[in-house]
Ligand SMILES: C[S@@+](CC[C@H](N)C(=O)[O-])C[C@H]1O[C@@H](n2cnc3c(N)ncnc32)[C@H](O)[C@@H]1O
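Take a look at this single chain, the form predicted on its own, given in structure tokens.
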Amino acid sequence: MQVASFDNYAKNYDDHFTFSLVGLMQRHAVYSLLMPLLNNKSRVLEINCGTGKDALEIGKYTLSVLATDASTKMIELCKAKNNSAANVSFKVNLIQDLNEEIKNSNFIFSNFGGLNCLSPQEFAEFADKCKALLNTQADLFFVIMGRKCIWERLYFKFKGDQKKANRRDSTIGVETLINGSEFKTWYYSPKEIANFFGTEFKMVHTSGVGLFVPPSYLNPFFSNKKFLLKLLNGLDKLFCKFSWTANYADHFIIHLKKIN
């Protein structure tokens, strides 16, 4: 069961990703584009918030943040971290059940593959809710795992695992293993995401996150190669401002604005 997978993973998530070298670099790249979009009128709905790192940071710049996750254990950790941010709240909520939460927001955010848990049908249904419930000029800012991650293709080809090298090409979802629990992941291209939201939303920006910086599962390999990782991060800063990188990085940022 997918929710159980993330309940089991909650206690290790920060160590494995949030505070890892790769995690810190990729998150900084996201923040460099996200934070300038926020202001004291922003009512942010975060989807699949994990352990709350982003919600608490976003809360410093916004009117309010409602951070949601399907995992009870993740939300428990979020609440334990929130000692003073009165404008930040956390709630156990499936994406499929978000209704009033969408309606009451003007900025929807999801980081690091939170929306890759949705099948194409579920993604289309979520997009339809955004079309129906969001007011004009509302923003969507998503960080999604793309289809053509160069790092992943080369890494698994080098290891002789052609199936994993090409797994992001799948249109039926991929069984993913975390902490001994399996759940299904779907990968998307920027064009596929834009198509879900149609002409009601305008594409404002898309770019890559982790074109040279590797995926987080390579953290152990790079843990004692900080100079190399710093060099790769410098290349990301140089190249990931271009939209073409969205198709080939580990994740891509897509910023959409409701116009109809």
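Bear in mind the structure is a predicted one, so any value in this text is a computation, not a measurement. Numbering starts at 1 and runs along the sequence shown.
The form predicted together with the ligand is left out here; the points below concern that form.
Proximity of N135 to the ligand in the predicted complex: non-hydrogen atoms within 4.5 Å are absent; the residue sits far from the partner. At a distance threshold of 4.5 angstroms between non-hydrogen atoms, P190 is out of contact with the ligand in the predicted complex.
Contact annotation for N93: at least one heavy atom lies within 4.5 Å of the ligand in the predicted complex.
Interface membership of A70, defined by any non-hydrogen atom within 4.5 Å of the ligand in the predicted complex, is confirmed. Looking at 115 to 123, 80 to 88, 99 to 107, 159 to 167, the stretch with residues near the ligand in the predicted complex, meaning non-hydrogen atoms within 4.5 angstroms, turns out to be 115 to 123.
Not one of L229, Y248 and D250 comes within 4.5 Å of the ligand in the predicted complex, counting any heavy atom.
Though the ligand is absent from this view, in the predicted complex it lies within 4.5 Å of a heavy atom of just one residue from T206, T62, N48, N233, which is N48.
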